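Heads up, the chain below is alone and in the form predicted alone; it's given as structure tokens.
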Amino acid sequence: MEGINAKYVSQKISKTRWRLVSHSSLQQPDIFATGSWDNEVNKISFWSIGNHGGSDMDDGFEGDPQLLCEYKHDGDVLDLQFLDQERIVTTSSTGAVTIFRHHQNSQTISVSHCWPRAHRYPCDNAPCTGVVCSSPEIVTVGEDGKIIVFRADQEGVIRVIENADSSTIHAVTYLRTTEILTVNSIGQLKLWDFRQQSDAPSQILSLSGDRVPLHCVDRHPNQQHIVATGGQDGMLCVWDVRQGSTPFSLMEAHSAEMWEVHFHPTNPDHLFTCSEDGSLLHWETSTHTDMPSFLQGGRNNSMVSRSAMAPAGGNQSLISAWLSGDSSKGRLETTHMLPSQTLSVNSLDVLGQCLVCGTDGEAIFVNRQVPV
């Protein structure tokens, strides 16, 4: 596999995330953070793929990721998100939520704030399974079925939805500024509107038939009503939250649990999934014509009529492609992104042309030439 660097790190990696680059700059990301799990001592680490003196600019490829700094983490890192350029938020198997600051001048890490045992059962800690950030707001979910809202600049808790779920909430993401989506262990996708005082979800969608646990969720960056989830059966589900209460399309993706799904943030014709089966897939909605995608809106009329509500400037072909999900017609192409099936690929992140993933094989893979 061309363009992939593998770095063996002697830690099972549970989470990998790129540090954000400003929208105005065209630069590729150069720093990412990782969290580990199931090790004697777990850590969060910052890595650089920048140019460290040695220049090999022919292929824009400068060798292995370099460890910048690391810090002991209490419990398994179950989720990790950048709050801003200098701070990350982690969630722990101990139920704690912690903000760490990366001091780039000294390459050190310090704890900015910690909410220990934020998620808990009456007699025990409850793992905090997911976090999403929109600085200064931080939203976490847990095995205890709670949703908790924090602010990075305040010590207390802003809001708790105590009985948000009777089952484990596995993941959370923003739908819009005031709305979040959660997925749980009985195959449900729930929408929550923080403008409402009510502690009930504003909408519940669910898998029909077997209630397969859902592990991950991401929403389309431009068409917020399109949502992708993955779960225990390895299927990729695409939902249209504006209509229906079941997935719009189901696609066979992996032979074991799907741990993460991510639309490409700036080119959402592309989507990436990773799994317990050791694979990382790149999904691309393809239209097999030379016509630019923004002119292809009329190819699938039944789909276009369903997406007539697309916002101005919306990419019609894109909507019809993700919401038709018919890979047999060549609308979707999948590519394996890793050289061989390894142990579980637990996490991935993609930004610009750069992809990073972490595995139970104690490896981090970086690809800086993702064809998007």
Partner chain sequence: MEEVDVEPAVTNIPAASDAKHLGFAWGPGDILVYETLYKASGAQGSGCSFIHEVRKDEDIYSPNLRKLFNESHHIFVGLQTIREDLPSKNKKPQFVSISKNYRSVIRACMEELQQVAVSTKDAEVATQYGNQVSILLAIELIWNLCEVLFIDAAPAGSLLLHLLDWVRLHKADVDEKATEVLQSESPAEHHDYWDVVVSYVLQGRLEEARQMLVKQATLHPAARNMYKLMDNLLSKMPFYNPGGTQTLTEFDVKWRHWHGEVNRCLQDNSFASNKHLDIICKIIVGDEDTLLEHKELLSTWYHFLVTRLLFSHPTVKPTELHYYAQSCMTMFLDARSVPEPLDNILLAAFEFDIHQVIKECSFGSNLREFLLLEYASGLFTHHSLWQLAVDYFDHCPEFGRVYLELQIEHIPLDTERKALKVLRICEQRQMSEQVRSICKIMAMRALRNNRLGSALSWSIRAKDAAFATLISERFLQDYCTRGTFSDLDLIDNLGPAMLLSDRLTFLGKYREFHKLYGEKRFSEAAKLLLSLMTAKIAPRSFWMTLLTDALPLLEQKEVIFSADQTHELMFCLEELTSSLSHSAAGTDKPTQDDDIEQTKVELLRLALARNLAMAIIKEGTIDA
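These figures come from a predicted structure and were not determined experimentally. Residue numbers count along the first chain shown, from 1.
Omitted from view is the form predicted in complex with its partner chain, to which the following refers.
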Original post:
Thinking of its partner chain in the predicted complex, which stretch from 264-272, 175-183, 105-113, 156-164 has heavy atoms inside 4.5 Å of it?
Top reply: 156-164
Subject >> Contact residue in the predicted complex, chosen from S279, Q81, S249, Q188 - any heavy atom within 4.5 Å of its partner chain >> reply: Q188
Original post:
Looking at its partner chain in the predicted complex, is some heavy atom of each of S10, R211 and W259 within 4.5 Å of it?
Top reply: yes
Subject >> Any non-hydrogen atom of D76 within 4.5 angstroms of its partner chain in the predicted complex >> reply: yes
Original post:
Counting only non-hydrogen atoms and a 4.5 angstroms cut-off, does S344 reach its partner chain in the predicted complex?
Top reply: yes
Original post:
Using 4.5 Å between non-hydrogen atoms, is Y121 touching its partner chain in the predicted complex?
Top reply: yes
Original post:
Is the gap between Q27 and its partner chain in the predicted complex 4.5 Å or less for some heavy atom pair?
Top reply: no
